[in-house]
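First, one chain by itself in structure tokens, the form predicted on its own.
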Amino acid sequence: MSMNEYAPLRLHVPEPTGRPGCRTDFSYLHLSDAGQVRKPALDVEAADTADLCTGLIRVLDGQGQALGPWAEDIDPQLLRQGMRAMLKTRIFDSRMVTAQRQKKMSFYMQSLGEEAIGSAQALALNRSDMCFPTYRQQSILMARDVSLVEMICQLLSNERDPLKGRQLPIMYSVREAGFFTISGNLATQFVQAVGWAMASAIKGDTKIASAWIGDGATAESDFHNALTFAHVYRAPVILNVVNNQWAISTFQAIAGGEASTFAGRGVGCGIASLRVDGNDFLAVYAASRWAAERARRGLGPSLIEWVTYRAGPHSTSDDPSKYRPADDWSHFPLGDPIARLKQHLIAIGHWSDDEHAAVSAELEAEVLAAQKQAEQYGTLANGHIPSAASMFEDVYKDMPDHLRRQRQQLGV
């Protein structure tokens, strides 16, 4: 055939199914009914999880009933603990956004709509396991009862900042709570988690790692490097992909989520993988327990794609109404994780509307008290920052003479 018989070549540029001024068509999500997706054996081969990467593991139905093989017999007290962690996260986020608007901190990133993912997995893991999070897993810290005062001091970068002003706000680091330092360079934590898990196996330990990444950051090379090492060395790690549909203003299809699922990438790399309703606390807990048990028994890594929605802005510097419908979250078919767990707890007789209101008020007061205490040590507005002497600390085991002289010159 002659060249003039071919149509001009064109690139395909994925577009979201909703833009400002029109309602999003969420049919691209490919949902499954609650209880429909099977639960494989722990020693399942990666190739045999292919169907679990296209279906969606769900436990809670529209009436709050727990259905199917992933519906575990969970202690209601643990579910209540999870509810408190989610409520605390949402209340904390709301107050910190307000504090940022009051210019008490430079910026903030909330996890509105994603609270179930971090809190449920935190409760499914051991505290000695190490989480390598992104900037939207503060619910892990809430589930592990980390000091709110210390968290807020870090946000304010004040004189009591546990990280001494060396990290951006919300880039927490809490070793004793199994929360590895958040990296602002996206995707690096995936490689770090696999390396940490490999080290645990080399030492003959029983601790596992859990890595977190967003849909957009899966386009980074670190993501693929992590999958290769995890597969080859059967690292005891859970690889979490939080598909909240948006990477700042870029729709998840730009990162490759249009014609395939992010979970499917795990199978392609020889890793057992799942696609799970990230707004279903019970499904998150069950899938996390399954993956953790695989890792702890030496059966290798698991990759889990959590399908959820970033209900708020990417950060306080973002205005999502510029690139998506302002009411998108109200139409998202997987709903609100807090409302869904509340419905389930009421259905099984372990919660009520009155208790929900009372606990919310209690947690609101707790967050407000912690904020007032933290602000006594300074905010961005009043310049109470860590001492200049702190820049010389925690760098060398034994301070070199030239730094000792520099510190003396500063008079600190």
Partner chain sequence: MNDQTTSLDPRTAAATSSMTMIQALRSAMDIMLGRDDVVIYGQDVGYFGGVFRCTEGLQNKYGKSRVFDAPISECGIVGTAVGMGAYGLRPVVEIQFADYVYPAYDQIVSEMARLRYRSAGEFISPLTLRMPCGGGIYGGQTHSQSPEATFTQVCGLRTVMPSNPYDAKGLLIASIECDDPVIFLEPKRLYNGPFDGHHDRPVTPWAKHPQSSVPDGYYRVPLDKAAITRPGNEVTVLTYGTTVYVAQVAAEESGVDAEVIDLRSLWPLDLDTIVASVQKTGRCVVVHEATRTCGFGAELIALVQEHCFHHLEAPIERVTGWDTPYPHAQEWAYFPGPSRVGAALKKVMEV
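Note that the structure is predicted; figures quoted are calculated from it, not measured. Numbering follows the first chain given and starts at 1.
Same protein, other form: the form predicted together with its partner chain, not shown, and the subject of what follows.
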| task | Could you check which residue among N126, T206, T250, S147 gets a heavy atom within 4.5 Å of its partner chain in the predicted complex? | result | T250
| task | Identify, from the list A292, I91, L186, M151, the residue with a heavy atom within 4.5 Å of its partner chain in the predicted complex. | result | L186
| request: Please state whether all three residues D51, G55 and S139 have a non-hydrogen atom within 4.5 angstroms of its partner chain in the predicted complex. | output: no
| Pick from 70 to 78, 279 to 287, 316 to 324, 231 to 239: which stretch has non-hydrogen atoms within 4.5 Å of its partner chain in the predicted complex? | 316 to 324
| said: Just checking whether A339 would be counted as a contact of its partner chain in the predicted complex - the rule being heavy atoms within 4.5 angstroms. | reply: no
| field | 4.5 Å heavy atom contact, L380 and its partner chain in the predicted complex | value | yes
| task | Flag A219 as yes or no: does it have a non-hydrogen atom within 4.5 angstroms of any non-hydrogen atom of its partner chain in the predicted complex? | result | yes
| request: Classify D401 as contacting or not contacting its partner chain in the predicted complex by the rule of any non-hydrogen atom within 4.5 angstroms, answering yes or no. | output: no
| query | Going through 8 to 39 from first to last, which residues have a non-hydrogen atom within 4.5 Å of its partner chain in the predicted complex? | reply | L11, V13, E15, R19, P20
